[in-house]
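What follows is one chain in structure tokens, specifically the form predicted alone.
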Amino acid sequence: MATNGIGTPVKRKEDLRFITGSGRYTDDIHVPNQAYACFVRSPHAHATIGAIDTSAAAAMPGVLGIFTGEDVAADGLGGLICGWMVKSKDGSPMKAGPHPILAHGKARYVGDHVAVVVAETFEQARDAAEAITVDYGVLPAAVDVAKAHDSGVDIHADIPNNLVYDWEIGDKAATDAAFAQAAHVTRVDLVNNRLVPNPMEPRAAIGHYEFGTDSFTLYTTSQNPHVARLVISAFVGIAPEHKLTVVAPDVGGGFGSKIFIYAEECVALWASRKLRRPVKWTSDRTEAFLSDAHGRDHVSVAEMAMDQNGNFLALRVNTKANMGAYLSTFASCIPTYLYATLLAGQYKTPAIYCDVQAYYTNTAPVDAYRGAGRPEATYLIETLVEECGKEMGLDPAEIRRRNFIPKDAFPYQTPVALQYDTGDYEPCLDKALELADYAGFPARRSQSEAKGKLRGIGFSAYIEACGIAPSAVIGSLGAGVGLWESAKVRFSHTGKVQVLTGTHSHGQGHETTFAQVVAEKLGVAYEDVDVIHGDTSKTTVGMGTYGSRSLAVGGEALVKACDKIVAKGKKIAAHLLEAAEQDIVFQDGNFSVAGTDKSKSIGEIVFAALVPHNYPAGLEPGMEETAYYDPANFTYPSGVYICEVEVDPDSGVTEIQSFTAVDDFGNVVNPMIVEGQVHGGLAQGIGQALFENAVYDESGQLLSASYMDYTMPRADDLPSFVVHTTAGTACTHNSLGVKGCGEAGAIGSPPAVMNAIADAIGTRVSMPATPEKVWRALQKTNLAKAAE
């Protein structure tokens, strides 16, 4: 086994440059002669765009060019696309309105891109942008997804009632029949609040057109540079694919919001060609709030039918999903294939039916955000299960245990399309109960009551479908691309290894984890493995990083490339050792002849491959192999989270006393990185439950467009987490046995927190559970009791 190989908590290679301020992010890049872009953004949520007067701005110092939607149309450019087709119940395709890279004729949300100014300096571009006047014709706005259908506002022409699609999954007849025979039905009405992603590094782009070679380079903060190249080439039409290089250097976090292809990066590239100058744009934080794709924003009604013992018979769900003003790159699949297919959760509910209506509104586009559909599904099902237990008089642990899919039922076909390959849920629950000291909770509650506080405990048993793929399945569900992954492994003369991957690391630690995998598989030193990603001119091709797919899909591609290296090495070893190829055995970095002491190290084999002085005819020199991997299924990590809170009834302030997370991630390559991923996800999930909320007023103004108004969780808001990840069931369809871990914390934690608060105060509030909201709920409860 290689030192620092699979299963060891190696410290991250990349942290040396990150924690010393030596990272190289897009805004750190300065292309000679670069100019700067500033966008003119609509102050209105819904307005016609009349005359745009640029005369004063054009005459200002340093201004090189001003472009509008009319210029985009005149150049014949296409618009941004949604890459996932969803069909309605009646078989009709979803209604995709146009999504121009600069608004033309109409602005559809506050922050919509109306024009761009390019100048010698950013300050000059900003000053000139403020001098541009736009003749807006303000229109009524539709903001609330629950009212979008009947708002009387048409956001896109020829799309009645703003309905993108009316979709369904499951067996409606069987579900209705089960409800008709139920001993008890529990119902919950839920709002899954809209969130704004907040990566440390805001989005940025540099478009660089080189006249001499008629080629383009785009430096950008992207999670999937190859797909960015595809969309910009094939749909927007700015550059031929073979003439466009997309580079995503160090990227300071993404959480899904940097998967998508945005207007700004397209405009920077297009403007560079028009001006024959490199053009840089860097978002400020207010722009990020206004124009980054937001997450969540569902309104749902969910009902569970049960028998007299609390066994689940059927689940029925209706959800209205907010798409915002335009369909972002993957928006359509979030409330459908990444949400409704997870409504089975960890439970053996025999019948499930869900229908989803997706609507346009005059708000920023909504797309994937950490977890993407799975947090919405988990929040719904785990809230409902908690209420089921309460109404049936069952302990929250017991009702879950009673309805878990049993260990011997795997592979398990759910009623909503997915087939879970493996899992064992009761041990996770047992371990969580132990680590959270569930038995000691009554005593802790009494201690809280003695000091005038309310104490509650909440459960969440989540499951996630991650490692997003396989291509055949997602293609049948409407995806416009395949979601395989590629990897290349190549040796230098001196035995050093370069790994080129189609995934992208923006904080996950791929440079460490992938090096551990290669070191283990090839028996080389971990320190001798270098991982390269994020540059379409270097990496073969790839589908990027999101949906916890990097190790489960990209890592397996890496394993297959290593397997090819070993197979090639056996041919060379057979020649050098004068043995038959089938007699060569590879182990721990050595090729040996079975049953003898004859062997060659992988370093000797690599040198011979690159210095083939005595090669026989037909044996190809070189030691470089590429592999593609398209998995047979998603992977299904799962876990049980338990949160314990204390609420101050006088102020409504909730304090998390403890949080226990027990996860089944299958095999773990680097326990330290996995635990860090869980911590980050928990912080984001707790942030949604207690603090974060994107709030629009009725006219479509974003009221929470700064950190003064949008509350991010801070270190002192969070406890020391108890995390346990060592009792996993290995994934059955990748050789590493890995699942995914990046999104789990954000998926499982919101319902655990909200269930704990409900347990503490005796009633439910919506997310975020702000002190004011909790306090008002307590006053309402007290008044009701006083009136009895």
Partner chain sequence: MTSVTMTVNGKAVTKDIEPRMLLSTFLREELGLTGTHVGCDTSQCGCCVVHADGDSVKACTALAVQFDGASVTTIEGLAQNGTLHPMQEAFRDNHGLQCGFCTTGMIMSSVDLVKKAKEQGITIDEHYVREGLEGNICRCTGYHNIVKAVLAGAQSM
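Numbering follows the first chain given and starts at 1. Keep in mind it's a predicted model, so treat the numbers as computed, not measured.
Absent from the display: the form predicted in complex with its partner chain. The rest refers to it.
So which of 246-254, 418-426, 152-160, 536-544 is the stretch with heavy atoms within 4.5 Å of its partner chain in the predicted complex? Single hit among the candidates: 246-254.
Residue 726 within 4.5 Å of its partner chain in the predicted complex, heavy atoms: Residue-level check for residue 726: no, no contact with its partner chain.
Under a 4.5 Å heavy atom criterion, is residue 707 part of the interface with its partner chain in the predicted complex? Although its partner chain is absent here, residue 707 would touch it in the predicted complex, with heavy atoms inside 4.5 Å.
In the predicted complex, residue 715 touching its partner chain (heavy atom, 4.5 Å): Yes, residue 715 is a contact residue.
Would you classify residue 780 as touching its partner chain in the predicted complex, given a 4.5 Å non-hydrogen atom cut-off? No, residue 780 sits far enough from its partner chain in the predicted complex that none of its heavy atoms falls within 4.5 Å.
So, a 4.5 angstroms cut-off on heavy atom distances: do all three of 12, 28 and 123 pass it with respect to its partner chain in the predicted complex? Spot residues vs its partner chain: full contact, yes.
The single option of 567, 81, 672, 525 touching its partner chain in the predicted complex, heavy atom within 4.5 Å: Among 567, 81, 672, 525, a heavy atom within 4.5 Å of its partner chain in the predicted complex occurs only for 672.
Let me know the one among 434, 127, 210, 583 whose heavy atoms come within 4.5 Å of its partner chain in the predicted complex, would you? Among 434, 127, 210, 583, a heavy atom within 4.5 Å of its partner chain in the predicted complex occurs only for 127.
For the heavy atom contacts within 4.5 Å of its partner chain in the predicted complex, list the residues of 673-696 involved, in sequence order. Read in sequence order, the residues that approach its partner chain (within 4.5 Å, in the predicted complex) are 673, 676, 677, 679, 680, 683, 684, 692.
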